[in-house]
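In structure tokens, one chain follows: the form predicted alone.
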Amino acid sequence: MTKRLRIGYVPLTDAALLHVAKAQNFAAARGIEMELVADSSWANIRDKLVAGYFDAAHMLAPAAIAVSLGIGHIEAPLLVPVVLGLNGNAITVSKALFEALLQEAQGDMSNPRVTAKALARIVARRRERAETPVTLGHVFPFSSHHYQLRMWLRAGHIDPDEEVRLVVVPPPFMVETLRKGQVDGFCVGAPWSALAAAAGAGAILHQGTDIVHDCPEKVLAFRAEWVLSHKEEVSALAEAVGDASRWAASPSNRSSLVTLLTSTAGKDVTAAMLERILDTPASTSGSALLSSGLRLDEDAIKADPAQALWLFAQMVAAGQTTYSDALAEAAAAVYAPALGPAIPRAAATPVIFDGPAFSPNDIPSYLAALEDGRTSA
């Protein structure tokens, strides 16, 4: 018997596996009829999932953890049986800020340490002149986009809470806020940085992979209490995502994937743009670079609790919560690989360009090393 599931998503390239699972009938073959419902903001996605308007959702991985822990919202335990991809973000800045960074940079602009230190000089000058602080947009307080901006700023010894303004802007509104000068830059997922570059509104400064390799991004999230009575549907949809991942990763399906994503994207997103977004990027910078490093392959979709712990550590580092063993255990439990496709290999470990290595077995030492880096600045 076919079961109909209502699934919310934000129109980003990393919703790809949901579109593939539906269009290629992977979900239907497993008895699931997918109703995909687009929404404009991550707050809406969160609230509609928690309220039961959605059965499942394309969701920011840190947001799923935050909701489960009751941080910044009512406590509503969620479960993640499968990840929807790794990487995909980019830091884009206005043309004016890009030119200012070029003038201040002492070294290769492809190096985030160089641009962060250049930005620090711009930030200091604005403060001395009592000018409007540098304002950077991100998509949600509990998002890898937010944490990637903080990591970049930290490399320039910039206090993200005192010396710049970090503001939330829903992804579909990023380009317009940059064009109007309401923000000086932003960190967002594809295709919005590519659209900003194509429209001449800004320049892509760094891909997210320049800041974090194999960064956890979006997940397929369900309410934990709903999972208890719908385990078959949850596992069937998660398996369909696994089918979609294998299909999307095949080079022979690249053209069909681009055609599908073009049909589900906004009117300004072209097939050529998506081709470049899906390419594996070199680490470089400049407005011409559109490749996002988005990973949709099977090795990228395992719901590994170690990744949940990495995200929890970033939440602690950002001052959004405090560390405790109990909270860490609860954060890890959000990722439920037993409900998802069987993937024998371990998930990729995120690697930050600047700072200590992360170990899920010793988060306090990792956080202490981050703090030591701040105090020695």
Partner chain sequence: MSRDLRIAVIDKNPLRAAILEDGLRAAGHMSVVHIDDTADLLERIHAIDPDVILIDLESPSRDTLEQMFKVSRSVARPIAMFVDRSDAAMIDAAIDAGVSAYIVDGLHKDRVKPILDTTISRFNAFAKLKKELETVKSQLEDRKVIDRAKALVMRAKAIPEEQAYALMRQVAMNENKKIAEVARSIITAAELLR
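Residue numbers count along the first chain shown, from 1. Keep in mind it's a predicted model, so treat the numbers as computed, not measured.
What follows is about the form predicted together with its partner chain, which we do not show.
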{"query": "Residues W42, L166 and E176 all lining its partner chain in the model of the complex, heavy atom within 4.5 Å", "finding": "yes"}
{"query": "Of E99, D161, D108, E298, the one that lies within 4.5 Å of its partner chain in the model of the complex (heavy atoms)", "finding": "D161"}
{"query": "One residue of E104, D268, D279, E75 in contact with its partner chain, assessed in the model of the complex (non-hydrogen atom, 4.5 angstroms)", "finding": "E75"}
{"query": "Its partner chain contact in the model of the complex: A318, any heavy atom under 4.5 Å", "finding": "yes"}
{"query": "is_contact(A342, its partner chain) in the model of the complex, heavy atom dist at most 4.5 Å", "finding": "no"}
{"query": "Partner proximity in the model of the complex: D47 to its partner chain, non-hydrogen atom cutoff 4.5 Å", "finding": "yes"}
{"query": "In the model of the complex, A51 touching its partner chain (heavy atom, 4.5 Å)", "finding": "yes"}
{"query": "Listed range touching its partner chain, judged in the model of the complex by heavy atoms within 4.5 Å, from 34 to 42, 327 to 335, 342 to 350, 304 to 312", "finding": "34 to 42"}
